[in-house]
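The chain below stands alone, shown as structure tokens; this is the form predicted alone.
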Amino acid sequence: MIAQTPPMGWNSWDCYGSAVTEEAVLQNAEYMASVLKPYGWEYIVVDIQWSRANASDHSYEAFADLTMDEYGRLLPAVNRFPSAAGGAGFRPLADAVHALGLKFGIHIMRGLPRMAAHLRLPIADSSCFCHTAADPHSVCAWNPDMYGLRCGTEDAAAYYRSIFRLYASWGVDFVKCDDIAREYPQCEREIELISEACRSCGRDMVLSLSPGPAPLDRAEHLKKYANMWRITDDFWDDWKLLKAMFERAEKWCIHAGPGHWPDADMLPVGAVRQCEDPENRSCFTPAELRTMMTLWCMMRSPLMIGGEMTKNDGETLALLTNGDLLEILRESWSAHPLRTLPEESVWIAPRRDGRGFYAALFNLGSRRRTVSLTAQEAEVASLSGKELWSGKPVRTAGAVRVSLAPHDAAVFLLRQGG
């Protein structure tokens, strides 16, 4: 089964918007392979508008010229991805990423390019056409490059099969499909068509749906047809967004499991927004970064690094290479909050092997606060273990108590003391 544990990787959006280049992708892939791969990081994902030649920032140009083939399938813009020349597509870049021992992913929008419909292009390996597949009344509100599809037609199914066969030939391992996760009920059948095309293309690919918030009442449908789906709109380095994630995490954590993961979005760590200012860094404080990483791991969200990794400083690297913390993604199950109050939250998750449990304590307030977990709450006689950020040992008969700075977190691997 695909995505037995939450996928871990890098996505180009937070640092390069729609303007990422092949050079930037390769430098991040080389960094991941040499520094982060031993900790489980493996996906390199090219985000939106890789087919647009003149992309330069995080904005979209309405009705921009997009590079596509004679069948209405988008292709990488050669000025930004030189190895795509001669119709090679992303195959050479994917090969380079694979040669580093990593996996390669791309972003797509649901539907097909407006231009393909207006030009009445045929759909590859079928008797269908783009203009009969397209639904001109279904257009993304924030990026009008595409038409959604008439999902009751064979033309729509044929188009999705055609693009996923192309991605399989390129060696794609991960597809992030946008403008779809929060578009229920109108896109429910489109999600099914995309999933069917992905699963029948002859190559294993993680299917990720964006943006959120996905509707909680469609959780079972999402679990059946996708490997991960966004539970929030774009997440950035703003404490208000991070604090609000606790409510989302509580609602969605019960749906995390092998093959299907609620996605709290990318990690805006390190050097973000590089297309706007090469000196820009994440606005999160060190305490807030610990809280974000702790919560994402406890709820077992996929982890996608958003910053330019070659500019990681020591603090950022320490966040991304805490092996004890990252082990929570693989070794825990049934994570849930014991309590979440306006000023604090306490989460707990048992280990799969029965050797103890994880406990995360969060200060959500604006002043230093002591947060505790009692042995009684944990349903054990006494507690022993260690705190995973500091490595400090813990042994107590009554309660684990920790004094936390504003917006900070501590996370423990504990067992019944003896």
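Predicted model, so just to flag it, every value in this text is computed and none were measured. All residue numbers refer to positions in the sequence shown, first residue = 1.
There is another form of the same protein, the form predicted together with a further copy of the same chain; it is not shown, and what comes next is about it.
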query	finding
Interface membership of Lys240, a further copy of the same chain in the model of the complex, 4.5 Å heavy atom rule	no
Glu70: touches a further copy of the same chain in the model of the complex, heavy atom cutoff 4.5 angstroms	no
Non-hydrogen atom contact Pro393 with a further copy of the same chain in the model of the complex at 4.5 angstroms	no
Partner contact for Arg80 in the model of the complex: a further copy of the same chain, 4.5 angstroms, heavy atom	no
Contact segment among 309 to 317, 272 to 280, 113 to 121, 190 to 198, judged by heavy atoms lying within 4.5 Å of a further copy of the same chain in the model of the complex	113 to 121
Every residue of His131, Ile348 and Glu379 near a further copy of the same chain in the model of the complex, heavy atom within 4.5 Å	yes
Heavy atom within 4.5 Å of a further copy of the same chain in the model of the complex - residue from Arg182, Lys223, Arg165, Lys103	Lys223
Single option in Phe235, Trp296, Trp170, Tyr147 placed near a further copy of the same chain in the model of the complex, where near means a heavy atom within 4.5 Å	Tyr147
Residues within 4.5 Å of a further copy of the same chain in the model of the complex, restricted to 131 to 152 and counted by heavy atom	His131, Ala134, Pro136, His137, Val139, Cys140, Ala141, Trp142, Asn143, Pro144, Tyr147, Arg150
